[in-house]
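One chain follows as structure tokens, the form predicted on its own.
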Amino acid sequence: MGVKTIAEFAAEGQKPEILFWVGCAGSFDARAKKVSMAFAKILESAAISYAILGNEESCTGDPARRAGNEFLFQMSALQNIEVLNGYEVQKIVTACPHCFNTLKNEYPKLGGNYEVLHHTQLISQLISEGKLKVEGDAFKGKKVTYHDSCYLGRINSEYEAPRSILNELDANIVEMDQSRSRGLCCGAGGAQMFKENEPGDKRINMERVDQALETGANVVAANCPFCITMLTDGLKAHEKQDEVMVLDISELIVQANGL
């Protein structure tokens, strides 16, 4: 896509307005890479000057800390902070709520102080400022339900930005029984994504997908690569993957605008 790295900006004596923190999932996971590309298209359509770290970006350390390896977390964090401060980064946006929470709330104690936004917050701002318009009727007549990710919702109390974007779509927005502060985890947070199932009668993602299906929605809107994986897996288990789509909010905007 021709996305420039911050090192390329520095070589030209320039600074981007925003650093797009892509994250591990957004860089390497086949499904999440589509979200990274969708968000990049939105930034370009809104004429926002942005860059990525490229090979200089490494994991924020979130999974290590959640799994109890504090030493590995601090090693990862300090390495990233050194790189970010070296480029005098001030504003970061990321499509991953886990990266968002770690960069915003946990890096300051280690010397990393930045303005950090989740991509739904930035998209909402761009729409309210008139820099981005949601056009087209790709979702006209369709039911869309929104899944609140834990790290954006309950942990950071951000419920309105994603919904304000969805309200721009020509669609019927329906809420699940458990939403906002009562939203149910997809089952992947707290490093659960990387461990085996514990004894129980039902996986959490199956419970959440059941709630989504009860709304009769054609689309489940999400804002997190982990949530997208878990919800998609749940729909596959129900053999509903061809009837119900799981899409990141940035992908909804890209499809609506035909970007």
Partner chain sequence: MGLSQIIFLVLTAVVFFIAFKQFGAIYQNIKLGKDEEISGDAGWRWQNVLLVAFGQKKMFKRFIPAILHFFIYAAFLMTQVELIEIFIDGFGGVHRFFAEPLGGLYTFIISFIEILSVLAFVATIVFLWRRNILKVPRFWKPEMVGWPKLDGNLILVGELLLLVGIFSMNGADTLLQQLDPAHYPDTGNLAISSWLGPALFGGFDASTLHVIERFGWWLHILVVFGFITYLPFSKHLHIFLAFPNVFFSRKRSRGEIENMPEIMNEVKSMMGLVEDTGEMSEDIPEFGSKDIFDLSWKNILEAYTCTECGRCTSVCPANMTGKKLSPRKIMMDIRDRAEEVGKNLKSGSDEFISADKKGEGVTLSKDNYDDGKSLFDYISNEELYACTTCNACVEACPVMISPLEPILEMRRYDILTNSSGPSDWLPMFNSVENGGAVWQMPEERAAWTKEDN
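Here the structure is a predicted model, which means the values were calculated and not measured. Residue numbers count along the first chain shown, from 1.
What comes next is about the form predicted in complex with its partner chain, which is not displayed.
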> its partner chain isn't shown here, but in the predicted bound form, which of 119 to 127, 137 to 145, 76 to 84, 169 to 177 has heavy atoms within 4.5 Å of it?
Replying inline: 76 to 84
> Looking at the partner-bound form in the predicted bound form, is N218 within 4.5 Å of its partner chain by any heavy atom?
Replying inline: no
>> Considering non-hydrogen atoms and a 4.5 Å limit, does its partner chain approach C59 in the predicted bound form?
In response: yes
> Does D210 make contact with its partner chain in the predicted bound form, using a 4.5 Å heavy atom cut-off?
Replying inline: no
> With the cut-off set at 4.5 Å between non-hydrogen atoms, does I18 touch its partner chain in the predicted bound form?
Replying inline: no
> Out of 194 to 209, which residues reach within 4.5 Å of its partner chain in the predicted bound form, heavy atoms considered?
Replying inline: F194, K195, E196, N197, E198, P199, G200, D201, K202, R203, I204, E207
